[in-house]
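Heads up, the chain below is alone and in the form predicted on its own; it's given as structure tokens.
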């Protein structure tokens, strides 16, 4: 039990550090997408610091696990965690969105070490994930594939075509993680284009569905464990989250989908995050 408590505390600390990097790099760049980056920080920290079979010294190792950030505009969260894991120097985060930087406004797999897919046009990530998971099966590799989508992104029809394919080919090495923060660029998902009940839709498409609080490390760890044990079915983790989580004035505010904090807002955000654990 003490080991579990220590692990959860460690992951909470990493998630908080990741949130600080997100705020800092977007503030320096004066542009970016903080809301949806902050909402998945706990999940991404758990993935990279507990779940994934990856090696910063061998970023192209064939038997590695793969992560696809389908909602590519939230790349600050992936850039931050890759730097924390040692794929490139933390100082590079200060170059976000600058001319010539490897860290562009949407992720480029040809430039960023440890990045498995170039993304940005919403709806495409799960299709690529299906291909990767199918390929791993064909080559008898133990690699697992994780695709992070936004709930608003589920309005894209291609997502459901990919979902059908994953079930048909019994891709139990594929996990979709839906960031259910209920907001997209134009407002609340329910107002723009209602998608509920999300769980019943994924189940109807032949997936194992796990619903969690996306900010609860214990639930996140348990969900990944459940996904690993699945036989013959892909897994969809529906993570209930808060857009802008960890920075009170950003939480559940649509405008923070794609707006950079000014100097005062940045300092306020750091002040809230310095406790090492988001409340």
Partner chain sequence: MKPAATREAFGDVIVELAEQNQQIYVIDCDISKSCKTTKFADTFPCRHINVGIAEQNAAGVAAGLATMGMIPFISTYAVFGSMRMLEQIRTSVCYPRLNVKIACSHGGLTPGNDGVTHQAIEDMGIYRTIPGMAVIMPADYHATKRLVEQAVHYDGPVYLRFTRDPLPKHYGADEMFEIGKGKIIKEGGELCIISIGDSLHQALEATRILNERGVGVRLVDMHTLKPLDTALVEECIAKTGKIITVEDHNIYNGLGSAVAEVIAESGKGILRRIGLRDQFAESGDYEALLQKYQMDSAAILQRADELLKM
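Positions refer to the first chain, counted from 1. Here the structure is a predicted model, which is why all the values come from computation and not from measurement.
Although not depicted, the form predicted together with its partner chain is the subject of the following passage.
Taking 167, 83, 154, 130 one by one, only a single residue has any non-hydrogen atom within 4.5 Å of its partner chain in the model of the complex, and it is 130.
For the residues 77, 180, 96, 162, the 4.5 Å heavy atom test against its partner chain in the model of the complex is passed only by 162.
Here the marked residues 104, 109 and 135 all reach its partner chain in the model of the complex, each with a heavy atom within 4.5 angstroms. Although the partner is absent here, residue 189 lies well away from its partner chain in the model of the complex, with no heavy atom inside 4.5 Å.
Although the partner is absent here, residue 245 lies well away from its partner chain in the model of the complex, with no heavy atom inside 4.5 Å. Remark: residue 90 does not count among the residues lining its partner chain in the model of the complex, judged by a heavy atom distance of 4.5 Å or less. Heavy atoms of residue 141 reach within 4.5 Å of its partner chain in the model of the complex, making it an interface residue. Considering its partner chain in the model of the complex, the lone stretch of 146-154, 202-210, 111-119, 180-188 in range is 111-119 [heavy atom distance within 4.5 Å].
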